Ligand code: GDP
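First comes one chain, alone, set out as structure tokens in the form predicted alone.
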């Protein structure tokens, strides 16, 4: 789950990382009072969870002469599909240099890695690809609770030494918040010193309860519904709904759909031992996706009973056709139930998936 910029900066502030003066507002009429608190010249920054918001018009300069008009303009925008509902009024900075700093996990090495560059404010993926020598990578032993001096020195090189304290404090944030990413881009040099001009923190979703967060607000409504039922669920952009049990079988279903030139609408793994209610919720969830023309249910009945699966499909009562492949425990009873209610149950996953692709086309 992502923290928004204003939340990340408060975490930075609490950890001793310098940030610009700012006030969060939720309506245009709060802008002028905020300006009087922050600075004579400010930038208004839309608090939306998208990259490239500056290029999309989500960051606008303002002063006492135009603050109300600029705030009204920004609150009236939709940026990459997200309506602007919160705005950070932040002091405009006199920037002499920009740096890039982040800490993330290198999953291949199973270690945290500090990424630092003297060229901030850029798309770091592009920099890493086109000029990898401009990006320092310093790996950190996972047993370190705080950063040793030699790691900090290696990270900053000949950059200003005050950045070392920021790196140390950012690592403390990274560990304390169970983060998978803690990023400052840009980290800027100003007459007041080095400041975090932007901030991003992404938590490991598995740590939300430990962090005292009851709900993952990054989830779309269907994703939240899937999480409530314990489904492994990912939305895609096709027209063939997919329900399987087991990640391998469900992924194989997606592969065969692609092989026959179809496009899957989702990945949904109901897990083992699914009863009729669980299957019903899964079918209804997939059917609620816009553009789904047909659903293929591909399940193996071990601890999952095929007759329970059939009852769940029937109870879902959706309008789209459902093409089924069931094999295993109580298979004959499952077939009988489905055929009685007009559902197609085919003998192999290949036949079922081909039939679904034909319906979708």
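Heads up, when I say rigid core I mean the largest set of C-alphas that superpose within 1.5 Å between the two forms. Residue numbers count along the first chain shown, from 1. This one's a predicted model, so the numbers in the text were calculated from it and none came from an experiment.
Keep in mind the form predicted together with this ligand is missing from the figure; the text below concerns it.
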Legend entry - Site check 90, 121 and 185: each within 4.5 Å of this ligand in the predicted complex by heavy atom: yes
Inset, instruction - Determine whether any heavy atom of residue 43 comes within 4.5 Å of a heavy atom of this ligand in the predicted complex, and answer yes or no. - result: yes
Inset, instruction - State yes or no: in the predicted complex, is some non-hydrogen atom of residue 52 no more than 4.5 angstroms from a non-hydrogen atom of this ligand? - result: yes
Legend entry - Contact flag, residue 197 vs this ligand in the predicted complex, heavy atom cut 4.5 Å: yes
Legend entry - Contact test in the predicted complex: residue 327 vs this ligand, heavy atoms, 4.5 Å: no
Legend entry - Position in contact with this ligand when the complex is considered in the predicted complex, options 98, 225, 106, 204, heavy atoms within 4.5 Å: 98
Inset, instruction - Could you spot which one of 59, 318, 303, 32 gets a heavy atom to within 4.5 Å of this ligand in the predicted complex? - result: 59
Legend entry - Contact segment among 293 to 301, 310 to 318, 65 to 73, 44 to 52, judged by heavy atoms lying within 4.5 Å of this ligand in the predicted complex: 44 to 52
Legend entry - Rigid-core frame, C-alpha of residue 320, shift of 2 angstroms or more between this form and the one not shown: no
